[in-house]
Structure formats: structure tokens, C-alpha cells
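A single chain, nothing else alongside it, follows as C-alpha cells in the form predicted alone.
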């Protein structure tokens, strides 16, 4: 797991390489994004950033998240509902997702048996897998128990 300092240094370097400046607004967006520890959409992130810096506009959040994605610090995810969510991207980390179609909860999971099986299937078909994404859709345990909750 990388430290926030590593992420700030990496982002600052990427920004410089693009001929841009690392502004206070961009720093605040990165800080709030890293601290969110969840899949977050632009509206949610904008609301949270404005608590820290009320001068940050939605367009600035949008452009900064585009930069963070290009820099490899954020990953865009589009699950079944078509909305874009962002999650911090850890180098060399892989996980899959279970998405509740009732409340929207997203749970990350890792399973070595599934990973090995995917590689084995690819190999059996003469396919060299470079990456994959697995998303399981269904009803979470909270909804099944009648304790619905909505992300956000």
C-alpha cells in the first residue's frame, strides 16, 4: 500500500510533466479522494471537497479526477447502473467486486482460487491474459436481512 506522501509526490510529478501546476484545489481533491476509502462518484467527491475548500467547483473535480486517472492514481469503474465511480488505484493490487442491485453497496473481494482458475482457462484456450475485471451482481446480506443501506 502506498502512503499519501507517495501519491502526492507522484501526482505532483505527473502534473509538472503535463506543464500544469499543482494547485491547492487539486491537492484538496486528492487528499479527500484518498481519505474517502470507498468507491465514490464525482457528485459525492465534490460535496466532500467543498467541506474542506468551498471554492472548488464541480468542473475542477472532474478535470482533477481525469488527471488522477491518467496519472494511475485513480481508477474509473462503471458498474451495472452506468454511473462512473472512482477508487484509489494501488500498484500491483487486484481485487474484484460484488455489487448489490438493491442498495448499491459495493464490496471488494480477493480469491486466489478464482484467479488461478481464470489463468488456467486462458492458458487452455491459448490466450495470454493481460488483465481482467470480475463483477458479481446480486443482493447483499444487509438487504437480504432487511437492513437496506444506500452508498453515499
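Positions refer to the first chain, counted from 1. Treat the numbers as computed from the prediction; the structure is a model and nothing was measured. Each form is matched to the other, and the largest set of C-alpha atoms that superpose within 1.5 Å is called the rigid core.
Keep in mind the form predicted together with another copy of the chain is missing from the figure; the text below concerns it.
K.L.:
Among 65-73, 38-46, 25-33, 106-114, mark the stretch whose residues have heavy atoms within 4.5 Å of another copy of the chain in the model of the complex.
P.N.:
Among the listed stretches, the partner-contacting one is 106-114.
K.L.:
For the three residues 10, 16 and 86, verify that every one has a non-hydrogen atom within 4.5 Å of another copy of the chain in the model of the complex; reply yes or no.
P.N.:
No, none of the three is in contact.
K.L.:
Does another copy of the chain come within 4.5 Å of any heavy atom of residue 59 in the model of the complex?
P.N.:
No, residue 59 is distant from the partner.
K.L.:
Would residue 21 count as touching another copy of the chain in the model of the complex under a 4.5 Å heavy atom rule?
P.N.:
Close contact is absent here: in the model of the complex, residue 21 is far from another copy of the chain, nothing within 4.5 Å, heavy atoms only.
K.L.:
Residue 125 versus another copy of the chain, in the model of the complex: is there a non-hydrogen atom within 4.5 Å?
P.N.:
Although another copy of the chain is absent here, residue 125 would touch it in the model of the complex, with heavy atoms inside 4.5 Å.
K.L.:
Verify the contact flag for residue 52: yes if a non-hydrogen atom of it lies within 4.5 Å of a non-hydrogen atom of another copy of the chain in the model of the complex, no if not.
P.N.:
Heavy-atom contact with another copy of the chain at 4.5 Å: absent for residue 52.
K.L.:
At 4.5 Å, heavy atom to heavy atom, what parts of 123-142 sit next to another copy of the chain in the model of the complex? List them in sequence order, or say none.
P.N.:
Contacts from 123-142: 125, 126, 127, 128, 129, 130, 131, 132, 133, 134, 135, 136, 137, 138, 139, 140, 141.
K.L.:
Once the core is aligned, does residue 128 move its Cα by at least 2 Å between this form and the one not shown?
P.N.:
True for residue 128: a C-alpha shift of 2 Å or more.
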